[in-house]
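Below sits a lone chain in structure tokens, taken as the form predicted alone.
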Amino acid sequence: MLFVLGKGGVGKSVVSASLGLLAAERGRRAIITEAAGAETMAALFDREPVGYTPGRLATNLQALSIQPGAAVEEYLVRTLKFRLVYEMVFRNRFVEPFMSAVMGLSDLITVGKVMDLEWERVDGSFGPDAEGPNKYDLIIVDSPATGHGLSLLRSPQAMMDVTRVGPLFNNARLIRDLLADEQKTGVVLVTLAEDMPVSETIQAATELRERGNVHISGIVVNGVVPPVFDDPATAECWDRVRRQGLELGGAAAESVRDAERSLRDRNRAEEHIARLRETLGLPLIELPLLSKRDLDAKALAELGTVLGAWS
């Protein structure tokens, strides 16, 4: 399981989709899960919304939108064994808000649904003791923005602290243990090469390390401006080209100014990336800047190829 985590707007969904395509092209059965009923994957792949039932995105790749209400009902009915108990207690208009707000039930159930996918087997069997090949070789969680994403990962321990004993405690412990298993679970932090996203990424990594409840697999720096010069010889003669371009004026001068802006952007990006490397010391890979109109299945596959060099 890979939890793709980062500040809102840094491209977590793009990275999730690219990782899914990479796994699928390598012959692995992958599924991308989206929290809070999101349907970003359907839009990226130009598909109909998949809903709470897994739907196909591409060969070997499926998606699932975790809808909190349906997930809570499924989890509690299975945990409590009797639907009548669920209806009497958790559909109570006084109890339901308390359970969701105080106990973080919705967050726990979201992670619990991901665990369910890990428990599924090809032959239809299900559960922590089920044998045989997993139905999915890779489960990618397109997490909410950093704060909410971290609360998802904290939710099993939070539920254990509140309940202490009983079926909810036991299930939360199973989820916590799965998250803590470095052989099965990891977090990929996604950021932009900008000040605020980088600072938030460092804070998130620090919290994850302090809690020690999940392994950080690495960092993806998304939307990185490519180098302006492809070879040292061009860089060495830049000052001369710059002066001549400005002297000529017109289109030549405008091209020089465009190059200067790109150089500044690239230098700032390199500073932020260096900060990440020095502060966190985690594996890091850069993804090139793409415009939204270029984000089709082919572009996602190409980004997956870049990620493949890292994974």
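One rule holds for the numbers: they count along the sequence shown, beginning at 1. Every value quoted in this text rests on a predicted model; they were computed, and no experiment measured them.
Note that the form predicted together with a small molecule isn't included here; everything after this is about it.
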| item | value |
| --- | --- |
| Residue 174 within 4.5 Å of the small molecule in the predicted complex, heavy atoms | no |
| is_contact(residue 196, the small molecule) in the predicted complex, heavy atom dist at most 4.5 Å | yes |
| 4.5 Å heavy atom contact, residue 290 and the small molecule in the predicted complex | yes |
| The small molecule contact at residue 145 in the predicted complex, heavy atom, 4.5 Å | yes |
| Position in contact with the small molecule when the complex is considered in the predicted complex, options 222, 155, 201, 110, heavy atoms within 4.5 Å | 222 |
| Proximity to the small molecule in the predicted complex (heavy atom, within 4.5 Å), stretch among 133 to 141, 222 to 230, 162 to 170, 202 to 210 | 222 to 230 |
